[in-house]
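Consider the single chain below, provided in structure tokens and representing the form predicted on its own.
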């Protein structure tokens, strides 16, 4: 029974954490307090469910326990923000919701826009969304944003305090205030998807990718006139369409150019194409529209067999001018190798070689190793591939890189 109880708690955590957290935090504006209350509720579940059995509605059980912890904490603190009348109203609202868990208001999108409020430090808006809505750890978020974990943890704590202290409302902003916040919301959703995409085969990562796509659809449905929201959803669907082709029957990693295109999900590709078309017709072209266009070009090349690398490089040129991102420079170099050759691509990579963020960025070393091998620079290739292997967290990618290194040694 203990194993079943733990599994049930973990399942609820995966499926409902963000929804429950957003609902608990909506009335108090205290994200950290809601996190603490929910953590205590999960701890209570792991203690009591093995003895009493998993409740029929785990969400409702957790919400009720968390609500009690939350109201007790507020009373102890005697905050000016929440008087006794407010505590009573909050308790009644949460009690009513927990009695009917199927109609618990989904406040996730409202919480996302609260995290993206102008009062929150700009660089912390997307990371804060990732932690509160999707439960990503500070370590994982730090890796996604190329920031030391300790620094990220401290900044997240300060950002949550800012929401509480400033009484930032949990609401989708008016249209005139939307643009300033939408970028952070989209950045967080795509960063969550990227993590799920990278860690293929990991159940929690797969769940995160699914959740990111769901949130992307939600944003598009609520903000149908926003072209970048459509561009981001298109970008995720282009990638998701290729998921089954990324591993062969033995589980080995398969790079894009070698994938079996019959395994690609055609309905998802068509949906992505439609979204990109409507996004491009709706307004100025932004980062996600360009990235989606690059993915569309890759798919078109693989399906038709026609060389379109010049177009891909041109799209990367626009994206680089827009973002000035070293990651874009890295991806552009891989495309540049197909038009001007590996030496030109390596010269492009040299422009970000001194960027400290690249020192432990696995894709940088994998790309450098691949390009150096093509350029005949065996020692450089061996060193870069060795670093990439050491930085790889995916066993299939690690074995793929090890095979590349063996082929390099064999000439």
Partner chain sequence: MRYMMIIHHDADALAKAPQQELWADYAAFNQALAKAGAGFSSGLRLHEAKGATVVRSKAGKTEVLDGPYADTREQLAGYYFIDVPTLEQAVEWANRCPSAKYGAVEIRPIVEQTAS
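Positions refer to the first chain, counted from 1. By rigid core we mean the largest C-alpha set that fits within 1.5 Å across both forms. Owing to the predicted nature of the structure, the values given are computational and were not obtained by experimental measurement.
The next section is about a form of this same protein that is not shown, the form predicted in complex with its partner chain.
- Picking from 286 to 294, 128 to 136, 271 to 279, 150 to 158 the stretch near its partner chain in the model of the complex, with a 4.5 Å limit on heavy atoms, gives 150 to 158.
- 146 is the sole member of 171, 146, 314, 222 with a non-hydrogen atom lying within 4.5 angstroms of its partner chain in the model of the complex.
- When you look in the model of the complex, the only residue of 355, 360, 350, 36 with a non-hydrogen atom within 4.5 Å of its partner chain is 360.
- In the model of the complex, its partner chain stays beyond 4.5 Å of every heavy atom belonging to residue 52.
- For residue 402, a non-hydrogen atom is located within 4.5 Å of its partner chain in the model of the complex, even though that partner is not displayed.
- Its partner chain is not shown here, but in the model of the complex it comes within 4.5 Å of a heavy atom of residue 398.
- Looking at residue 392, you'd find a heavy atom of it within 4.5 angstroms of its partner chain in the model of the complex.
- In the model of the complex, its partner chain lies beyond 4.5 angstroms of every heavy atom of every residue of 53 to 70.
- In a rigid-core overlay of the protein, residue 155 has its C-alpha displaced by at least 2 Å between this form and the one not shown.
- In the core-superposed comparison between this form and the one not shown, the C-alpha atom of residue 146 has shifted by at least 2 angstroms.
- In contrast to the form presented, in the model of the complex the C-alpha positions of residue 148 and residue 390 spread farther apart by 3 Å or more.
- The distance between the CA atoms of residue 346 and residue 142 is at least 3 Å longer in the model of the complex than in the form shown here.
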